[in-house]
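Okay, here we've got a single chain as structure tokens, the form predicted alone, with questions on binding and movement later.
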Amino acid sequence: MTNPAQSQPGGSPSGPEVRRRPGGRTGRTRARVIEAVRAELGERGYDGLTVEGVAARAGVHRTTVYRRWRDVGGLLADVLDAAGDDGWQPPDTGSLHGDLLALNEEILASLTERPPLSTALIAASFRSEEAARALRRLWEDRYVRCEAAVGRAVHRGELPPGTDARGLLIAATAPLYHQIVLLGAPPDPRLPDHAARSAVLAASAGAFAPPSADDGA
């Protein structure tokens, strides 16, 4: 749920798909290229992103970029994959509302940053199938990690056992993406709290509880 354009420091990925990353000179080259992709995308958008521009900004020969990443789609996919190679964990504030509020505040910050790397990567995923697959991997990783916050809420007695963690997380975070990414509305600083509070109220009322035996009758 953090900025898909950035990798958080420290740790190793705990999501469903762990990928080995090169070290040494190869790793340093990859880091420069990824940073160059982020800079070029933020400044020029998808239509202005080229292998040649990335290579020049990264200070590497374009044949190196073509050999490893092939094209713009491969570059975007690696930026997204790199964002999942981190030690990020969802906030732990002691309450479900606090956790969801803190999570939404992180999302709001990432969606409104300048240059708009997160929204640019989301937009690029509609133009590149390789980037779209990488973005889906990143979302899956983040949802798996964030399910821990729902598990803590169940353990504290805030939610019934069997609560649909994925459904609750989507309900809590979707309003931010809808307002900012889809509608292009100005950021509302009250939205993170409102969305979190609404999701908590719905979950507390059983909106995400497992179906009972009577439901299938």
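For clarity, every value in this text was computed on a predicted model and none was experimentally measured. Numbers for residues come from their place in the sequence shown, where the first is 1.
Just so you know, the form predicted in complex with a further copy of the same chain exists too; it's not on screen, but the next bit is about it.
Not displayed here, a further copy of the same chain is approached by residue 123 to within 4.5 Å at the level of heavy atoms in the predicted complex. Contact annotation for residue 177: at least one heavy atom lies within 4.5 Å of a further copy of the same chain in the predicted complex. Proximity of residue 181 to a further copy of the same chain in the predicted complex falls within the 4.5 Å heavy atom cutoff.
None of the heavy atoms of residue 39 is located within 4.5 Å of a further copy of the same chain in the predicted complex.
The stretch among 97 to 105, 136 to 144, 67 to 75, 83 to 91 whose residues place heavy atoms within 4.5 Å of a further copy of the same chain in the predicted complex is 136 to 144. Of the listed positions (148, 170, 56, 154), a single one reaches within 4.5 angstroms of a further copy of the same chain by any non-hydrogen atom in the predicted complex, namely 170. Using a 4.5 Å cut-off on any heavy atom, none of the residues of 58 to 90 reaches a further copy of the same chain in the predicted complex.
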